[in-house]
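Read the single chain below, which is given as structure tokens and is the form predicted alone.
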């Protein structure tokens, strides 16, 4: 009999804003800006002192990532070549913050699936690649908004924020510090994208996901027992965002591009594929389970080619669309929410006793995995 944490995921829920942004309209706006920039620097381009910017195409985006569309809070600002930033007005201090609203929308769906009420929630761990603010804690704001009582904490661990949030909830339940813990991941990614960077302007989409974690003995049939968890960090600057409260302390660089998401994409791909495959393989080996026994891999949704290669290394063959499901085409990269959204959308069909593995790999580099079994 395999070891267990004695905890289970008893409910999950996904929410995203209604505004759809397709590749074609995204490229149209981007390319208008590119042409303007190239015209403004025509003399420098001719002199060889300025590199002409390249236009983007839906074909390039789909080939590079597998993404065809994404959902965003606002696209009017993104599609304005003079702005290319989403329009997200500040809210008053007594209004629910944007990330809290994202989290609550997903949390309500997760609680409904778990057949729990908000007042039963006694812990919230909010994990997201970027946090809207530092304090007061958005997790505590969410706890209050759902009507719970207990404690909340915000964490930011790049694209492993969600798996770490679930891990922390599981550990709190194991220790008896919580009975109905809520892991929420409100990824409002459109605010930290550089919409003027051809290599990344298409990558992310806005979405939120939540899961309820409870003691296994409280779990209903069909829940997912958390058998074990694993985490790892290996420092790298290849995925980075230098935005933060010290920005204003250097006015000359306050709005520099490195205050937004940027990466060395080819280096990341080369590093992460073997690193993630080895990490997941070692987790399974430690539990005495072969990759062939895993009915479903819910992998981090960063790039279609990356996911396929990682699954191939684990299985020794090309995975089927159900063995390693993708949500990239419709939702794009939803930062740390991706693997949990894949779980939420693709778990109901597995029979009792099936093994599944949820895994994240992203900035840090940070990696996280959860070995699950359907009850």
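Keep in mind the model is a prediction, meaning the values are calculated, not measured. Positions refer to the first chain, counted from 1.
Note that the form predicted together with a small molecule isn't included here; everything after this is about it.
Chemist: For the three residues 130, 195 and 259, verify that every one has a non-hydrogen atom within 4.5 Å of the small molecule in the predicted complex; reply yes or no.
Modeler: Zero of three within 4.5 Å in the predicted complex.
Chemist: Applying a 4.5 Å heavy atom distance criterion, does residue 50 contact the small molecule in the predicted complex?
Modeler: Although the small molecule is absent here, residue 50 would stay clear of it in the predicted complex, with no heavy atoms inside 4.5 Å.
Chemist: Taking any heavy atom pair closer than or equal to 4.5 Å as contact, tell me whether residue 265 reaches the small molecule in the predicted complex.
Modeler: Because a heavy atom of residue 265 falls inside 4.5 Å of the small molecule in the predicted complex, the answer is yes.
Chemist: Could you tell me if residue 166 has a non-hydrogen atom within 4.5 Å of the small molecule in the predicted complex?
Modeler: No.
Chemist: Would residue 303 sit within 4.5 Å of the small molecule in the predicted complex, counting heavy atoms only?
Modeler: Flag for residue 303 set to yes.
Chemist: Please identify the residue among 116, 201, 230, 75 with any heavy atom within 4.5 Å of the small molecule in the predicted complex.
Modeler: None of the others qualify; the residue that does is 201.
Chemist: To verify the annotation, which of these, 308, 56, 38, 69, has a non-hydrogen atom within 4.5 Å of the small molecule in the predicted complex?
Modeler: Partner contact (heavy atom, 4.5 Å) among the options: 56.
Chemist: Picking from 57-65, 343-351, 40-48, 309-317, which part of the chain touches the small molecule in the predicted complex when contact means heavy atoms within 4.5 Å?
Modeler: The contacting stretch here is 57-65.
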